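Take a look at this single chain, the form predicted on its own, given in structure tokens.
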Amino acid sequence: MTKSLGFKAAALVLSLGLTACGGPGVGKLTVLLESEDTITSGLQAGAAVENIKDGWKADYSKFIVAIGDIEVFLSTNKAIHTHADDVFVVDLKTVPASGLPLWNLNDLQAGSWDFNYATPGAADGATKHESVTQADFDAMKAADATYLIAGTLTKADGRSCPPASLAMPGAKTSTGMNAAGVACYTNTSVAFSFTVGAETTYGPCEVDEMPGFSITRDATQTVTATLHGDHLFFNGFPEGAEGGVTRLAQWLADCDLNLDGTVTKAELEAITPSMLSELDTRYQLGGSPITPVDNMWTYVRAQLKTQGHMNGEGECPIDGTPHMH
């Protein structure tokens, strides 16, 4: 018995000595939640690359997300992995520019690691962050929602041109027609509020084709899970760098079927993409993470599934399927 214990003690000392003399060692990972400035500051109308090109301005009053389920894998040995299962419901409007630290993973072996995270439904054990009201948290849980997003489109000479077969203008008088010959009505402010189920997994993520992150011995690495806020206004589901994307908002204004200044889920569910004259050759609906895109509510859900990035613009496969944008 004494000999056996002595052997084990010697082996332990040898192991510790190897680590101290150049073994891989361990480090830590802190994961931050980061908001793109299109969420915190809105999207401007204009001709710049990231502006909305058809004259609308978009501002969010709430951009609440359920996010978490962090999982990391050692790149050279996928059997070595760890996770932080916490899911938080956070209003991205309140996240500081420096990011919000929410998850910590300790004792990670030094080396290259793959990074994965998720935007699940809120009903399965999510924790309310202080940035979210109890009423909004309860609404998210009741709907098992991933997002609760509220905002407003504004344009001084804005108008809505709803599909003729669904339009309910009431006593409103048309101010003319759009290029497709659809009757349009004055509508300078269009609000929207969507409680959306769009559960998605992201990863393994990469930045400039470099996977994940690296851990060095006795150091803490930082990674950000970044959510973008402009994908609702992308011209479909384009592949390639976001510099080739056009941001447009007229389609959403045209979904205000009763012209009351608010677009609802019911209105979006009633409209198929083919009914909207704005969804012309500028749009490409191929590449959607949800198929078929049978109505505009599905379109909204699909666009929200494409928002997850790493470290700003780093790309992450969506539900295991590569999607570069």
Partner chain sequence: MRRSLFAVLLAACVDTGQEPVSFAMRVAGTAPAAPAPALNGWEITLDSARLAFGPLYLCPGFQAGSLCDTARAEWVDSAVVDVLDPATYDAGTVEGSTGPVRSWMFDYGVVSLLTQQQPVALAAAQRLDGNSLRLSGSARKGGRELPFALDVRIQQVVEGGASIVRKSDTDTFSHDLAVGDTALTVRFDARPWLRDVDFDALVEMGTCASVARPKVCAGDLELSCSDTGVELSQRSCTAERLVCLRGLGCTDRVRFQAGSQGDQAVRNALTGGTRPAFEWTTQGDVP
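Residue numbers count along the first chain shown, from 1. On a predicted model such as this, the values are computed, not experimentally measured, just so you know.
Below: the form predicted in complex with the partner chain, not depicted.
Only one of the listed residues (Thr30, Thr291, Gln44, Thr40) places a non-hydrogen atom within 4.5 angstroms of the partner chain in the model of the complex, and that residue is Thr291.
Although the partner is absent here, Asn258 sits far enough away that none of its heavy atoms falls within 4.5 Å of the partner chain in the model of the complex. Using a 4.5 angstroms limit between non-hydrogen atoms, Glu269 is distant from the partner chain in the model of the complex. Contact annotation: Asp59 falls outside 4.5 Å of the partner chain in the model of the complex, judged by heavy atom distances. Contact check for Gly244: a non-hydrogen atom falls within 4.5 Å of the partner chain in the model of the complex. Exactly one of the stretches 64-72, 48-56, 279-287, 259-267 approaches the partner chain in the model of the complex with heavy atoms within 4.5 Å, and it is 279-287.
In the model of the complex, Glu206 is the single residue of 185-207 with at least one heavy atom within 4.5 Å of the partner chain.
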